[in-house]
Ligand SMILES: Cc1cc2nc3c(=O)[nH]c(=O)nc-3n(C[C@H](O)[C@H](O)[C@H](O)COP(=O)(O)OP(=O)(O)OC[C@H]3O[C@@H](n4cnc5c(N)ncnc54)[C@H](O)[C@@H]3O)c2cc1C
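Okay, so here's just one chain, in structure tokens, the form predicted on its own.
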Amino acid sequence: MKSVIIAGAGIIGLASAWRLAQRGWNVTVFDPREPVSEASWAAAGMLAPGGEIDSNANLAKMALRSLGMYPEFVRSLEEDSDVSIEYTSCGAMEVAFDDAGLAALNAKAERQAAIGIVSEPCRYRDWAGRRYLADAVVDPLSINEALVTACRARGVTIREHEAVTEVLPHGPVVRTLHGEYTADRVLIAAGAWSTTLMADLPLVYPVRGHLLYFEMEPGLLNTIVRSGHTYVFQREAGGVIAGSSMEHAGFDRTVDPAVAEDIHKRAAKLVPELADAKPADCWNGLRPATDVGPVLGRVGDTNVWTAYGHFRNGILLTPDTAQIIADQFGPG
């Protein structure tokens, strides 16, 4: 049986571990904390090519492919884990408040249509412009729980609280504070920390994003509502998620009240019922950003692979990323 070490127990690392274990690989995953406790835990869970991708044709192709994979990905993961995953193909409405916003919205729709992301006019309140997109939502907490459970059921070893400090490509050798480990292959999937583990990888850097949570009655929203990078959607049990921000604050996870207040004001413009509601929670996460998009695949002629840099689309791109890694690795 071939072996692989995965640095990073986020959603990308665990989904790859699960798929590789299904193919017979002996998988060990290392993480500095508990599994899925960084960006994967903090994410909203929107599966939104239409909301997130404007003109990058290659990224759009990957995102649409991954969105199409989600129903079977969820079904298979629920079967392997016996954990119910909250997944809803609810669509999204992108709105404009005035004529200038409408012009920008229509120009964006034209750019997106050219790369395969289709939207259509729709009705929502009495605003200048509304377009409907076939986006979806998944609850990150449920899908993360399912991945941890499915990995362990498939024999994946998860070594939490043991951070990888260095990956030496020839061997390959993985170093932690507890010792050195060898495997047939290594996958670096450590999110915003990935390029600290091995020299000469494309740089990844953290971009902090805040989210708000409101306790509301079910039935307020049946779709994502968004304008630019402001979005609001509702979970099945009634909780409303509103976001987001993009802050270059390094690895600082401090919650900023001013950012939270700004998100609240923007969210209330989209959903006026939130104006007088007090957020029940606020948190943030560190999105792994690069200047080249996701860094995915084999590193030169080494036995090291990478899967990082998914930025705002880590949850969305998970099924396709895990499938790409599994296909490149082959049977164990």
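Small disclaimer: the values here were computed from a predicted structure and weren't measured. Numbering starts at 1 and runs along the sequence shown.
This next part talks about the form predicted in complex with this ligand, which is not shown.
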Query raised in the report: Where, among 269-277, 57-65, 290-298, 26-34, do residues come within 4.5 Å of this ligand in the predicted bound form by heavy atom distance?
Result: 26-34
Query raised in the report: Given that the partner is absent here, does Gly314 sit within 4.5 Å of this ligand in the predicted bound form, heavy atoms only?
Result: yes
Query raised in the report: Hey, in the predicted bound form, does Ala44 get a heavy atom within 4.5 angstroms of this ligand?
Result: yes
Requested in this report: Indicate whether Thr306 is a 4.5 Å heavy atom neighbour of this ligand in the predicted bound form.
Outcome: no
Report task. Please run the contact check for Ala17 against this ligand in the predicted bound form: heavy atoms, 4.5 angstroms, yes or no? Result -> no
Requested in this report: Report the residue, out of Ile143, Ile117, Ala150, Val164, that has at least one non-hydrogen atom within 4.5 angstroms of this ligand in the predicted bound form.
Outcome: Val164
Query raised in the report: Just one of Val259, Leu197, Ala134, Met216 has a heavy atom within 4.5 Å of this ligand in the predicted bound form. Which one?
Result: Leu197
Query raised in the report: Looking at this ligand in the predicted bound form, which residues in 1-15 have at least one heavy atom within 4.5 Å of it?
Result: Ala7, Gly8, Ala9, Gly10, Ile11, Ile12, Gly13
